[in-house]
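Encoded as C-alpha cells, the following chain is the form predicted on its own, with no partner shown.
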Amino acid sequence: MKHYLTSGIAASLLLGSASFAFAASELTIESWRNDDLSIWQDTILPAFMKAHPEIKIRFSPTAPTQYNAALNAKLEGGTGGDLITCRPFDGSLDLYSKGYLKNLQGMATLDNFPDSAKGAWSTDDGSATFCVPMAAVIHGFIYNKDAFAEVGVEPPKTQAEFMAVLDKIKADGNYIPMAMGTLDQWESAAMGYQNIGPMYWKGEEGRKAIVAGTGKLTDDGWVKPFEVLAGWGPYLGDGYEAQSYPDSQTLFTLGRAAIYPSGSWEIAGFNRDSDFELGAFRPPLPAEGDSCYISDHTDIGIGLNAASPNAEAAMKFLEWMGTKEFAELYSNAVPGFFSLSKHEISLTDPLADEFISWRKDCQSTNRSAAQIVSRGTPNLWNEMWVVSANVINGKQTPADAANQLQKGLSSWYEPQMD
C-alpha cells in the first residue's frame, strides 16, 4: 500500500502512540450526470471501493446546464474535485489547454479503447489524451415489435427494404410509419443525417477527410444521405413540421408510430413509458453487401484534475475504468450508455444488447461535425440542423444543402479553403 501517514497520525506516533494506521484517500468525482447519482452511490463506487478499501470516493454531480460554468469556477479557484467528468471534444480540450486536466498518455488502460474513442479527449495532433473514455451512445432505429408483427414486416437491412417497410406500414393505415418532427431542427441532423450518414461517407474515413481537407461536403458520400432524408417526409405523419422532440417521443410510446429514428439514449425512458415490446435495427445499408458503419458517439469520459492532491489514488480509479468489470457494470447500470472499451460484455437489457451487438459487424465513428470543424462561424453542426430539416421539409434540395455546408465551412476553415 502506497498511501502513508497523515500529519495527524505521524504526530501521534511522535508522541509515543502505539497505534498505527494507513490513511484513506478521499476522492471526489465532478459530473453533470445528476440523474445517475444513485447508480454511482449504490452500484459503481461500492464495487471499486470493495477492491480498494484504502480509497473512498464521492460522486458530486451538478445540474447539466450549470456544470460547465460551475466546474470552471471550481478549477479556477482551486476547489475542483480529483476526478473530472469530461464532455467530448472542444470543451474538455479547453480545460486541458488551460492546464486543468492531466495528460494521461501512456496509461496502460488506454490500450483498451479504440482510437475513435480516445480521439474525443485528445489534442488535435494526438500527442496527449486527457480523459479516459467512459460511455457512448449508438444511433439507430427503435421499433414497436407489436406493430411490425401486426403489419407483417421484418426489420430492414438495406435502404430498399427500409422503404418497402415504410410503404407497407403507411398502406396499413394503423400506424404512423416514423415518429420524428422537424420543428426543433436538431433531430433532423442527429436522428436523421448523422444516423444514416456514416453508411455513405464511410464513417471515420469520411469524417477525417473533411477535417484534413482531402474531402468535401459536396462529395457523393455527403450528398446521398440528404437524398435519403428527402424521401422521409411522407412517412412522418400529418403536421410533422410542427412536431417537437417530446411530441415524437409521446407518439411512439403511446403506440401510435411504428418506428422511432433515434438512438440508445432513449432506452431507459422508452422501457418505462411503453407498454409494448421494443426492438431496434441498425441504419440500413445503402445496398446489400456494403460495409456497415454506425454513429457510436463518444459522450462521457473522466479525467484527472492536474491539481489533485490524491493523484495516485485517482489513477487507480482511472485504470479500473478500462477493465471489463467496469465496462459491464456501468453499461448494465445505465442502459443505452455503453462502455467505449474493446471488451466484449454481456448486457441484461435486451434492447441495449441489440444496440451494442452492432459493434461486432460495424465500424464505429463519431458525429461528423463534433471535432474541430464546428469551431468557427458559421458553426457546421448548427448548419446541419437547418439544412437537414429543410431537406426533409422539401424546402431545399440535397445538392443545395451540401453546397451550403461546404460554403460555410470553407469560409473559415483553412484546410477546406480552395
Partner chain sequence: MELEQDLMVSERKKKPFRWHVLVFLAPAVIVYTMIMILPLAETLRFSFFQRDTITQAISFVGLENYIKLFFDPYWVEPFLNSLWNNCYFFLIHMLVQNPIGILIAALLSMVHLPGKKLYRIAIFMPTLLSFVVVGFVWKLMLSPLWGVSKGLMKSVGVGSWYLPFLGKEETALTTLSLISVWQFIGIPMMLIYAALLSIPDEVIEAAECDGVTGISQFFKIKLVLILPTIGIISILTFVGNFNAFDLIYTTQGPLAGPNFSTDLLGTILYRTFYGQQLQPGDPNMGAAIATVMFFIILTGVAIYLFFIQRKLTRYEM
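All of these numbers come straight from a predicted model, not from anything done at the bench. Residue numbers count along the first chain shown, from 1.
This next part talks about the form predicted in complex with its partner chain, which is not shown.
Residue in contact with its partner chain in the model of the complex (any heavy atom within 4.5 Å), chosen from 209, 254, 230, 160: 254. The listed set 122, 308, 116, 243 contains one residue whose heavy atoms approach its partner chain in the model of the complex to within 4.5 Å, identified as 243. For the candidate spot formed by 94, 370 and 407, every residue has a non-hydrogen atom within 4.5 angstroms of its partner chain in the model of the complex. Segments offered: 345-353, 54-62, 36-44, 388-396. Contacting its partner chain in the model of the complex at heavy atom distances within 4.5 Å is 388-396. Within 4.5 Å of any heavy atom of its partner chain in the model of the complex lies no heavy atom of residue 152. Under a 4.5 angstroms non-hydrogen atom cutoff, its partner chain in the model of the complex lacks residue 291 among its neighbouring residues.
None of the heavy atoms of residue 48 is located within 4.5 Å of its partner chain in the model of the complex. Contact between residue 364 and its partner chain in the model of the complex is not found at the 4.5 Å heavy atom cutoff. In the model of the complex, its partner chain lies within 4.5 angstroms of at least one heavy atom of each of the following residues of 357-385: 369, 370, 374, 375, 377, 378, 379, 381, 382, 385, in sequence order.
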